[in-house]
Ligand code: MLT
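Consider the single chain below, provided in structure tokens and representing the form predicted alone.
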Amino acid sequence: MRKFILSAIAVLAFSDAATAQSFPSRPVTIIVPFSAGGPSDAMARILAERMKVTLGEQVLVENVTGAGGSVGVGRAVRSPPDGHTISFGHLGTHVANGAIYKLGYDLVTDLEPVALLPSNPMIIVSKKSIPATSLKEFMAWLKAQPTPATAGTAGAGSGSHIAGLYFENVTGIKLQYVPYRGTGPAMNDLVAGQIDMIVDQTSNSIGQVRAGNIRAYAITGDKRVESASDIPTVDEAGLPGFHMTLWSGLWVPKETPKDVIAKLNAATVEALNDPAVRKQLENLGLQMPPKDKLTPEALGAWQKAEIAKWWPMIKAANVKVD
């Protein structure tokens, strides 16, 4: 029996090694759980284009929308654990959704972390027709409305929704949320004046701000964004302490071989270290993670810490899924 067990272990080890050596054996797919054209989609496509150089196979992006991103994450969870399907997600999809949806999977135990990706400070923006020109004026305008202003989100539990809840908690201002399948389409309606505001990812809004199509009031970080240095922080604009950064990451299904995860991590880190890629991401207002936070273990620890931080607030808000 002892020989049989040792033989079985040896076979499994050889199998894992063979899998890692042959990986990837076909195109790799990154599942983005939001619509094309949004900030998550933009980051994933920039990374995919560079990762294919390291991996030696095409890296495709598939947009699978619905239920605040939980549909797309579920697709990745149920994929074969061979590294060919990657789950792209962020604070909303891989933290908040666990406090809102009956997922049918566990965000920690059913996924293996690969790498932490650049983070996106949020930005408070409104439609252009609102007369406020500063954050204090905008908050006064919001308070003066007879009914709550409309705030676009990418669905219940999305980063834009969590940021809106946080804004309500800090300011005492109530908002009426309008869910979309991503902040890409939400932005289209903000530019068209169909909704009043979004607490949005900077990378999604900055182009429209620069074009003069929407108003920007403040960045939700403790320092200004290099690509938008004229926009004050919330501390400077009169809402001190309203700090929120939407971080992103990559995961694969549980039981994916460790060597395969290591290859994906290496391809991701190499992409993030590429000067051309860094320039593209920084132009979107994204902030690079520290080098010591780029390991799978660091992402796993960070995700658990964020669950401990945000779940109590989300549950206290009694967020309902329409």
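Everything numeric in this text was worked out from a predicted model, so none of it was measured. Numbers follow the displayed sequence, beginning with 1.
In what follows, reference is made to the form predicted in complex with this ligand, a form of this protein that is not presented.
In the predicted complex, Thr183 approaches this ligand with a heavy atom inside 4.5 Å. Remark: Gly285 does not count among the residues lining this ligand in the predicted complex, judged by a heavy atom distance of 4.5 Å or less. Using a 4.5 Å cutoff between non-hydrogen atoms, His94 does not count as a contact of this ligand in the predicted complex. In the predicted complex, this ligand sits beyond 4.5 Å of every heavy atom of Ser205.
Proximity of Gly38, His90 and Ala154 to this ligand in the predicted complex is complete: all three residues have a non-hydrogen atom within 4.5 angstroms. Segments offered: 226-234, 77-85, 175-183, 127-135. Contacting this ligand in the predicted complex at heavy atom distances within 4.5 Å is 175-183. Residues of 112-139 include none with a non-hydrogen atom no more than 4.5 angstroms from this ligand in the predicted complex.
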